[in-house]
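Only one chain is given next, in structure tokens, and it is the form predicted on its own.
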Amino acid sequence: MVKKAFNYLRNQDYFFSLLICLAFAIALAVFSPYFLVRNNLDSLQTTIAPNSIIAIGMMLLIILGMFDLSVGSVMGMSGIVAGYVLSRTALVQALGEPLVVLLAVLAGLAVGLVVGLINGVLVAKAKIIPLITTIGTMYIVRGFAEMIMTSETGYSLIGFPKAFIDFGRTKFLGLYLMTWVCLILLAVFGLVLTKTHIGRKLYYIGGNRSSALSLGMNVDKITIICFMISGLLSSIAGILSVSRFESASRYLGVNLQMDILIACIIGGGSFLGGKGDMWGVFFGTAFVALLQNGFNLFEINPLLKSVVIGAVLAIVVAVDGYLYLQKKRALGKV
């Protein structure tokens, strides 16, 4: 039974990320007396949960053979927009806390949907490559966020309604509500990818885009929807982070896009498209979070984190490229 389970896991795209996650977790638990302390585990939750939510959208795009570098900026801007609505005292007094919280959430989600729509249309209809498109929106959105947070408006984003703050503080069975939201989203999108027709379409398009077009699949529509989902999930992560930390920050989501992209690739995704799943999202994100946590616990220069992640990424990409060439040779295409 154990051998059968191991053989099954070994054949999964996420096997490598699962392996290094377990190795890191065991090493940290053995060598650091602070790893299993409640405060540290809580801190890991508040890193893994929002990052995994963003990585879900990123993985959908990676399966299509694309990516989105604007996710960190969208996360930050969504948190700022939600924080702005929440901090309007007159609005809270006029409408009441529950309605203002709802309006703030909807306003924050709208940011992600709009940016995602813009990204999707530019990539699918204007045929601008995702790299250029999402770098452009990344800088535009981050620029607006910086302008807001360095103005007088930025200093007024305080005093959020208690109902909103309580959501970020509340735990259920030892997990923050944001972690439960993350797990639910992972389960839902996992089922979409494995059990639905649209999920199979994503893999087919990523694996052979020209063939998908010849079969009449609406590739442009699916591309736009996936970019909108990526933006929406980034907004959800931003709003949940503001709720947990009780403040909107100009630093929320800064440079996060590369950690998310790397987590997805380490988790079994491929720049070539056609690969990836939600288990890989979780384990890849957990690995990056554990690595950062380890550097903090042992007070190692955080700049070395980039070196380690870059080395792991290079290995994973090299192995992925090798396996791709082997597959091509087996099909007689090389």
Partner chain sequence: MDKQLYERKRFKPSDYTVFLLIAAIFLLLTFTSDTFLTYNNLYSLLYGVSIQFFAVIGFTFLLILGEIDLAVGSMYGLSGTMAGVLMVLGKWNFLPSVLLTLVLCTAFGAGVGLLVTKLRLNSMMVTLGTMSLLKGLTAVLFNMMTANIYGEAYRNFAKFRIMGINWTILAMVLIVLVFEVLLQKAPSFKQLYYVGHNEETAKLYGIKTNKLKVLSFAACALTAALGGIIATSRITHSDILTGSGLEFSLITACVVGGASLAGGRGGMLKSAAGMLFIALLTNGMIIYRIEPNLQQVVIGIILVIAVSIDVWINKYKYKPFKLLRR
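Positions refer to the first chain, counted from 1. By rigid core we mean the largest C-alpha set that fits within 1.5 Å across both forms. The structure presented is a predicted model; accordingly, all values stated were derived computationally and were not measured.
Keep in mind that the form predicted together with its partner chain is missing from the display, and what follows is about it.
Distance criterion of 4.5 Å from any heavy atom to its partner chain in the model of the complex singles out V307 from the list V307, V37, I300, I26. A heavy atom within 4.5 Å of its partner chain in the model of the complex is found for exactly one of M258, I225, L175, A163: M258. The closest non-hydrogen atom of V317 lies within 4.5 Å of its partner chain in the model of the complex. Heavy atoms of R88 never reach within 4.5 Å of its partner chain in the model of the complex, leaving it off the interface.
Although the partner is absent here, A49 lies well away from its partner chain in the model of the complex, with no heavy atom inside 4.5 Å. Although the partner is absent from this view, V123 contacts its partner chain in the model of the complex, with a non-hydrogen atom inside 4.5 angstroms. In summary, the region of this chain contacting its partner chain in the model of the complex, judged by heavy atoms within 4.5 Å and restricted to 92-100, 74-82, 235-243, 136-144, corresponds to 136-144. Shown in the overlay between the shown form and the other one, fitted on the rigid core, is a CA shift at L313 of 2 Å or greater.
With the core held fixed between the shown form and the other one, I26 has its Cα displaced by under 2 Å. Once the rigid core is overlaid between the shown form and the other one, L36 does not reach a Cα shift of 2 Å, moving by less than that.
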